[in-house]
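The form predicted alone is given below as one chain in structure tokens.
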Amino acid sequence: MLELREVTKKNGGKKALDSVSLSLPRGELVGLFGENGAGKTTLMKCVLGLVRHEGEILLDGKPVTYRNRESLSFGTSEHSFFPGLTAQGHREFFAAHFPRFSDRRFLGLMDFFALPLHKTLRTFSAGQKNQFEVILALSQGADYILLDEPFAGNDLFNREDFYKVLSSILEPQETVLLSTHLIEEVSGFLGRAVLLRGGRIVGDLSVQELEEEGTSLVGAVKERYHYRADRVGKAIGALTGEEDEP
């Protein structure tokens, strides 16, 4: 289990995360949602030990250190690979450094995305680079896979097909924490949704329970964020001057 206990991250005088407590058991596909600046990326980077924070983060009851960090992987559109190395070179590097690296999954996903093995990563398009980040994160052999806006620059069909593949290939011990703004698109593949706002958790929802209540995930999210349906009409009126007409 991955546990966050009262995790706080301050940037200057502002709290990017404010006393966040969260438990992620093995075998879950969890969505992490929130507005821009809600703290989603910061939370993931705290888990990975990339930024300093207050509070505790435990992996199977132990602090995250170099001894157990291989149980965590990270896929992000920030691109953390070697741009001068080919995909095949990354395959060999990961196989040498991660004992549980899945060559079958790596090659299967490379084929799925139709990515070349023998071209350097700097020659890939932005969308292909993001796809490759996801492939590395899923092939490393980690039990907890953190994906932060993994498909920026990818078309709708690629994304939809990938979510179907993802939900089919995950092993029982693997947990995915997926941060995205595309809530409606991923709602059919998630078991749980964690909502962040202003660095705090404002919702931890079971998608199955929402379905049993006849509530969509998008509707539940809008309710938790106090979404105002009239804001679009008011903005158009203000921009066009129609609100001033008698």
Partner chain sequence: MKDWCERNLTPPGVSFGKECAGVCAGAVLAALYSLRFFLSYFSARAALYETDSLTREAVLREDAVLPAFSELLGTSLRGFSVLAFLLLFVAAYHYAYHFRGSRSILLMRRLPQRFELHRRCLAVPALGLLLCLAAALLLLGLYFLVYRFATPAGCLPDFS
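Positions refer to the first chain, counted from 1. Everything numeric here is computed off the predicted structure, so don't read it as measured data.
FYI, the form predicted in complex with the partner chain isn't displayed, but the following is about it.
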4.5 angstroms heavy atom contact with the partner chain in the model of the complex for residue 49
yes
Although the partner isn't part of this model, could you tell me whether residue 139 comes within 4.5 Å of the partner chain in the model of the complex, counting any heavy atom of the residue?
no
Answer with yes or no whether residue 85 is in contact with the partner chain in the model of the complex, where contact means some heavy atom within 4.5 Å.
yes
Exercise: residue 171 in contact with the partner chain in the model of the complex, heavy atom 4.5 Å:
no
Determine which one of 22-30, 185-193, 209-217, 41-49 lies within 4.5 Å of the partner chain in the model of the complex, judging by heavy atom distances; exactly one does.
41-49
Report yes if all three of 69, 72 and 93 come within 4.5 Å of the partner chain in the model of the complex by some heavy atom, otherwise no.
yes
Please pick, from 81, 163, 101, 113, the one residue with any non-hydrogen atom lying within 4.5 angstroms of the partner chain in the model of the complex.
81
Just give me the single entry in 175, 158, 76, 128 that has a non-hydrogen atom within 4.5 angstroms of the partner chain in the model of the complex.
76
